[in-house]
Every structure is written in C-alpha cells, then in structure tokens.
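Single chain ahead, by itself, as structure tokens, in the form predicted alone.
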Amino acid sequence: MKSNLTRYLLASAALVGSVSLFALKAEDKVVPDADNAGLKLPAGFGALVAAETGGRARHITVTPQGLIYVKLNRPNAAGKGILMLRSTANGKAEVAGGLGNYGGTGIYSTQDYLYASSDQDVYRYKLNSKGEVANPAQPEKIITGLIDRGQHESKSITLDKAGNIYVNIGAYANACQVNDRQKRSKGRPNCPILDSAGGIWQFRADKLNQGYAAGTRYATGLRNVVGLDWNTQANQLFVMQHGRDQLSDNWPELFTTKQSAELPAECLYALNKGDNAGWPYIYYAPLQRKKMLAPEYGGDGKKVADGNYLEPAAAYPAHTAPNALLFYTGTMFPEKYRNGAFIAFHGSWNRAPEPQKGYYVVFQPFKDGKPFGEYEVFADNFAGSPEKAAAGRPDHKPCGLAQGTDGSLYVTDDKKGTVYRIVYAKK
C-alpha cells in the first residue's frame, strides 16, 4: 500500500506536470495584434509582428524543430548575414543569434541542414537535433563562382526530394540589348547572357565546391526568378519570373506609357528539365494571353512570337515583383489553401505615370498540382495605405515566405526588417 508521503509526491508530480504542460500551451498560444499588424486579411485570419530584425530581411525558413532563420540582404552591424530566431510567448520570436558574414537572399532548411546563399555562392550548415547550426564558423561551400554583375544578382534556392538544389541565376540585363536599357538599342543575337545566367541551374545538395561545370542548366529563358518552390504534389519545380521593364521608355513609337505599365505579366512557370521560357526574345501579354515578340528582336507590340517557348502556368499584374513562392501544406488554414501557392509581391517602381502596385501577398488556388481558378489578394496593406502604395512609397515590402511548424505563415519585409506571422483563429 502506498504511504501518504508517496501519494503526496505522486500528486505533486502530476500537478507540476500539468502546470508545465499548461505553461507550454500558454507559451505556444499565438495572439494576433489588435490591429493585425496593420494588415488586411480574409475573415478568420489574424496577424502579428513576430519580430523586428533591424535589417533588410529577404528569405526565411523554419526548421522542422521550429527554429526560424532569416537571410539579410547584407550583414548587420554585428557582421551577421543570417539571423536565428526563437519563439517566445504569444507567438512572438526574438533574435537569439547570428551567423554567416555574407549578405544575399536564399535560405532553405531540412531536418539536417541549413542552406544559404550569397550572390555568388551557396553554403550549407549541419543542424543538430534542436535545429541549431552545429558549427556556424565553418560552413560547407557547395556551389561557387556564380555570376554577379550587380543586376538581378540574388541567388534564390530550393530543394527537391531527391537531393538536388535549384539556384536562380538572374540575367544581368533588362532585355539583352547591345546597350542595356537604352532607347532603341537592339537585342544581341543569340543572347550570350544565357550561357551563364537567365535561368535555373541544378546542382547536388551534398557535393562541395561545384561550379558551373558540375551543374546543369535546368531551364533557360528566365530573366530573373526570386521566388521558387518545389511542389511535392506535382513533384515539379515552380518559379515566378520578374518580367522585363521599359517598353515605352526604350520603344516610345511602339508602346504607350499605359501599355508599358501593364506589360508584360509577371508569370508563374511549371518547369521541367530543358524548358525555355523565352527571355529575352519574347514577353507575355496577359490580355491577349499570347507570347509576343520582343521589340529588341523585331517585335512591334503586335507580332506573336514563333518558337517552342514555355507557356505560363498563371499570370499576374506587370512589374509587381514576385519575390517569394510557397506551396502551403499545413493544416491550420482552411482546406481551400491546402497545396495552393502563396506569392509575395515586393511591389513596383516603374508603372508611372500609372499608380504603382503590389506590396501584398496573394493566394493562387491549385488542383492536382496545377493552378486552378483566379488568384486572390490574401494579405494587403504592407504599404500602410492605398495612397502610399500608389505613390510607390510603402512602409513595408513583403519579400520572403515560410510555413511554421503549426501551419502559420511567416512573411518578411526587406524595407524595415519586420517579420510577420499570419494565423487562422476562426473555429
């Protein structure tokens, strides 16, 4: 028979256990800000400012263990280009450390590794069982020597499930002109940029010091891809292209300023190895739903392009700068969001005299691994007001997306460094 002391100790232990469990649940409870962090969201959703990084926060990843890593455009005052954040009470997070002495955009995590890119190289860091970087001072350089000419230089990354890593190498030009971005300058024949840029390159995620020769040009004819993600349902790479600029500036006799503001579309592509999306020879006109011949290569705004170029999977408003793509696989959000795509639009700078546009996160429904139906604006008002958005003077500019372990959605801002967290609370 148990003594009274034994019963007391067992009861005390049970009480402590229940209190600890309650404390854990209370700490895990996500409490949206009273004003939803200034965002406009669909009914039932809430948002909070999860953290302030103090830097230009580019892409973001959440490890399976729940740690958050944010890539900064350039190293902070402490010389760190990657920040590690830990969750705190009420769904917030705080900066708990930093690593990497390089800026850049790309970051991605698996159970065992953290991958991050500068504008020339890609590194990986071994993670311990807690999701912490085991040796932050000694990353492994897995890809090196990628071209950086100071235009479209960010090297966004994602992985498939077969041990391959995909890297955007943006074209260091607007339209491959003889004189870049100059009025009436013609296109360079057989655009030489495409040999080393303007596409997606595939490498092994577990091999060191891979240069161009060790990689594969997986897809070409993509001017600049900042947002990309592997769709596990379709087992396929999807990317968002930044379309070309300055149709009216460079070819005023062919395009009005209004046409230039609405052309070309920002396009979502579903890629297979060997695909060619057509840059710089074509652009996509969303109203006609046609691939048009670029004026640098003989187009006049009316000529439809020849050639076996990839058809977009979906198209979005011109110049809105899609900087992140994320396929949602969580269960927190309602069923309609499952396996669909969130896209962060950084916002335009070159639609004038038309109003600037973007500074929002949209949701694109998918069915059976393909876009299905029209997109909808999901999170808006990062700019602070419609007037600030129209003037191109936003308070915040969405840049990176990540799914939390609970299914919440993280959004980074690369203007002031805010990290937002969006949750679904309606029952």
Partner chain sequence: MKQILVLLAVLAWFSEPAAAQKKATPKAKPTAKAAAPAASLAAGKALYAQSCLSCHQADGGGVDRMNAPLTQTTWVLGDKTRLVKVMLNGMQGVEVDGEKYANVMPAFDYLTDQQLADVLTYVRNSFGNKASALSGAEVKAVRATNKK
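All values derive from a computational prediction rather than experimental measurement. Numbering follows the first chain given and starts at 1.
Just so it is clear, the following notes concern the form predicted in complex with the partner chain, a form of the same protein that is not shown.
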With heavy atoms only and a cut-off of 4.5 Å, decide whether D180 touches the partner chain in the predicted complex. yes
4.5 Å heavy atom contact, R393 to the partner chain in the predicted complex: yes
Quick one: is Q356 in contact with the partner chain in the predicted complex, heavy atoms, 4.5 Å cut-off? yes
Is there any non-hydrogen atom of D249 lying within 4.5 Å of the partner chain in the predicted complex? yes
Going by heavy atoms within 4.5 Å, which of 377-385, 36-44, 362-370, 51-59 lines up against the partner chain in the predicted complex? 51-59
Heavy atom within 4.5 Å of the partner chain in the predicted complex: which of K126, K161, R149, K290 fits that? Just give me the one. R149
Please pick, from E140, E132, E153, E262, the one residue with any non-hydrogen atom lying within 4.5 angstroms of the partner chain in the predicted complex. E153
Need the contact residues for 385-419: heavy atom within 4.5 Å of the partner chain in the predicted complex, sequence order, or none if there are none. R393, K397, D414, K415
